[in-house]
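Take a look at the structure tokens below, where one protein chain is shown in two forms, each on its own, as structure 1 and structure 2.
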Structure 1
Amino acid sequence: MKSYSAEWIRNVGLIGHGGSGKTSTAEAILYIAGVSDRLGKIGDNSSIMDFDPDEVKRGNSTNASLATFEFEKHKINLIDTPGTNNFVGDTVGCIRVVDGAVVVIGAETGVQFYTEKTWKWANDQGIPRIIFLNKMDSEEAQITSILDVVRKKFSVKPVLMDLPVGKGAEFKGIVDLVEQKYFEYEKDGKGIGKPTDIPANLADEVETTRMELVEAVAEADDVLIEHYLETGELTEEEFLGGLRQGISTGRLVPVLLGSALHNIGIDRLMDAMVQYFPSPDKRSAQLATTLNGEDTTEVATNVEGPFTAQVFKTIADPYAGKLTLFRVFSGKLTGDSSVYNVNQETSERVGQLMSLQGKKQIQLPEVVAGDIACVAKLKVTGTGDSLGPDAKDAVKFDDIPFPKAVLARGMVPKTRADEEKISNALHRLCEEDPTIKVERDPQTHELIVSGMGAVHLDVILERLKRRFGVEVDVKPPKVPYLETIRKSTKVQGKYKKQTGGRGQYGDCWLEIGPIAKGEGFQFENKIVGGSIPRGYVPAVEKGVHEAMAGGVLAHFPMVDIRVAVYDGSYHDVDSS
């Protein structure tokens, strides 16, 4: 694939709630773009985006997938993101690197929980959005009520750019209110709408809805609204310019209609992605910090500037090794060169640069500012790391705020061989998925693996077995109980041993009492008169610490105790 400058690149994310049809939309886009020779289906091996065995088995996305293709002289980097609580961590990193987001909403289910979550994440990044109402072929499809919810929940102005022709199974095309044409689709799934005259029975509705669209465009711009109020109309140039401006600023959110399953309206969505989403050089500069951590700088999309990039995803490929996906914010990078990893404070050697189409790798001569690429076998670079040309000119981008794990399980390797392999296997899975947390509990000595939910943990187990040949037994984590005491007491500890020569002798009185919860441990020396020499007192405290490691009730560690040594005795020869 040839190199494209920033103005001819579009970085687009498909976001929304699981089951809304994001991956089906991506498959239809790739089919129209000529990447695939058939319309990929979710849950079988024909899907380009859901190629992982876990996704084929479960019939939904467990990973974010990238597919790069050429369309109308543009290069589009399309990222299909998961929309369920178990795998949505990938979505956060992908939203960081796109310049526009298509919010896919099922026309029969409407706005759901992760529609709201992903909308907020895109809003926080200032990313322009297009709503694609999918599944318009459903008998329960609705438009007005969904747009009312969007208007109220997101405080935005959604504007219809399409009108459906036919309802449910009779849905066969759309009226494009911008071009004022009717696009009719065959049921063959090829996805190319045939422009024809607007049906007569829709003429009034088209005129009314088109007028509402023109008014919305005028209201989104102070200059246009004055002109519109004076003349009552906008020229075609003013209308299209105002529409692009309103979308890029977020004042307008265009709503397109279609059916990914039957490949209806997808070609109009692709045109909108090219026409209305900004190119990388039109996006505002990215904020970053210099290596001293004190100064903030802005990184503009400029191919002449120093190379800066951020890693947004890592793939543990069983054949190609570790694949690192990154977005270049400024400068350019060629293969067989080196980069400086700001987070790890070390240089990395870069081999062949690639772009991805699902699992297929396409070689690139270079990657320039605004583009997304992939490189294999970086040694220390992980998801979220910032890359630069060298330690002098490198800057650090904000960390990606991945969600925290919510469910933990204890894992015990089944065999000695599994025990030897599990650390490396879990390390590689953590590189791929930052929402996985692995730790060894210092009290119970259990290996604890945490994830985003039960399904997430099931997928982790399946990947351990399939990719690395590691099998484990899973059980709920042991509760790390602690013990304490409720009353004060005094106790003597005495040790005496004679072995024929120099013996061993130690004797002390301790005063033990409870303290407030959370205060841990307090030790006090109340020896008066030298009954125990000062040099031996630290040994007494050390002995108390050792005893507290296992309590008297169930041998759990003891906490929230105050211990004072106040008396005792020693022997000039035998004490040591």
Structure 2
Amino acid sequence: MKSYSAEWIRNVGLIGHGGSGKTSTAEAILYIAGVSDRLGKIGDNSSIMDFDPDEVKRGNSTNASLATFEFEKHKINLIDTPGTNNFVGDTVGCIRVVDGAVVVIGAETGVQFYTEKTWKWANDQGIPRIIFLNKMDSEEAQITSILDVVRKKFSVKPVLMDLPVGKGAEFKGIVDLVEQKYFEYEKDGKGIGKPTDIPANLADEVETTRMELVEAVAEADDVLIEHYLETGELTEEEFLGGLRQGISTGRLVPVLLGSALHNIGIDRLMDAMVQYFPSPDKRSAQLATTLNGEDTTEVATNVEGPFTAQVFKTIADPYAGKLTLFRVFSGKLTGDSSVYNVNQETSERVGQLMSLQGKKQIQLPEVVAGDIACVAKLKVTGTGDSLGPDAKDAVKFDDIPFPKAVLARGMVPKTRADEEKISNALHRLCEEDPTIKVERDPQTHELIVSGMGAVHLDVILERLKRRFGVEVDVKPPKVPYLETIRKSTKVQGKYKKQTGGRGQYGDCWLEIGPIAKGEGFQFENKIVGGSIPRGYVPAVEKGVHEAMAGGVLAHFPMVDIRVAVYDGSYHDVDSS
């Protein structure tokens, strides 16, 4: 694919609740764009975006997928994200690198909790949004009630750009309120709306809804509202300008309608991506830190600047090996060169630059500021890392706010062979997925793997098995209990074995008592008058210390104890 400059690029994420139709929407888009020659279906191997075996098996997305395509002179990098708490990492990574997000809402279910979460993340990062109300073919499809929820929950003004024609199974087209045209779709799923006259019975509704739309756009801008109040209309240019302005400040959210399943309204959604979302060079500068002096700096999308990029996703491809997906924020990168990894403080060789269409790779001659691309077989680079040209000009972008793992499990490899392979395998999985955490509990020595939920942990286990041939049993982590004491005492310990040959003799009196929380262990030598020679005292301490490792109650380590040896006796020959 040829190289596009920033103004001709759009980086778009599909976000929202699982099951709302994000992947189906992506499939319909790729079909219209000519990337696929039939409409991909979820869960039957025909999907371009849900190609991972985990996804085919589950029938939903467990990974973010990238597909790049050309559309109306533009290059669109489309990222489809999973819609559950278990795979949030990919959604958070995606939101960092896109300049616009399509929030897909199922018109039969409305706003769900994951719609709210993804909305909040996109809002926090200042990413402009469009709502795509999918499943308009459903008998239960709603519009007004959903927009009421959006208005209330997200404190934005949703503006309806469309009106549906036909309800439920009869849904067959969309009135475009901006162009004031009716687009009707054939049942063939080709997805190309044919402009037709607006059905007469809808004329009034079109009129009022369009008024609301124009008014909402006018209100988003002080100059526009003045002109609107004077003339009662906005020019096409004013309208588009106001709409873009309202979207980028987050005050307005255009709402488009459609059905991904029947490929209705998807062509219009694609137009909207190009028309309404900003190109990367219109995005506000990214914050970063310089390497010398820890100064904060702003990186604008400028192809003339030094090369800077951030990795947002790592894919393990069964054939190509490790694929590193990154967004270039400034400068450009050509293939067969090298980059400096700021986080790992080392250079990496870079081979062929590529983009992806699901699992298919497309060669790229170069990647310029604002674009998204991937490269195979980087050695140490992990998700979230910042890349630069060299140690001098590199900057470190703010960390991607990946959430912390919330569910921990103890892992027990099934065999010795599994035991040997597991740490390398887990290390590789961690590089790919920053929401996995691996640690060994210092007290219980258990190998603990934490993730975002039970399904995430299941997928981790399946990957261990499928990709690395490692099988493990999992169980809830052991709780690292401790033991301590609450009272003091004095006690004698006498060890004597003096039958035949060289005997053994040791005798000591200890004071044992509690000390403050967190003090651990204190040992004191209070011997006066040499009842035990100095040289034997360390042996007493060692004996106490070893006894503390497994307490008397349940063999947990003992802490916060003070021991003093203050008396005893010894034998000239037999003591040691």
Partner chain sequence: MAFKIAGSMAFKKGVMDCKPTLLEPVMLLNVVIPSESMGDVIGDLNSKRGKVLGVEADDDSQNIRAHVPMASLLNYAPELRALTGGRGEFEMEFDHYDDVPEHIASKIIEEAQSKKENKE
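From a predicted model like this one, the values you see are computed outputs, not experimental measurements. Every residue number counts along structure 1's sequence, beginning with 1. So that the term is clear: the rigid core is the largest set of C-alpha atoms that superpose within 1.5 Å between two forms.
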So which is it, 1 or 2, that shows the form predicted on its own? 1
With both forms fit on the core, has Gly335 moved 2 Å or more by CA between the two structures? no
Rigid core superposed, CA of Gly168 - does it shift 2 Å or more between the two structures? no
Any CA movement of 2 Å or more for Arg466 between the two structures, core superposed? no
Displacement in Å of the C-alpha of Tyr505 between the two structures, rigid core kept as reference: 8.3
Keeping the rigid core superposed, can you check how far the CA atom of Gly520 moves between the two structures, in angstrom? 4.4
Cα shift of Met548 between the two structures after core superposition, in Å? 2.9
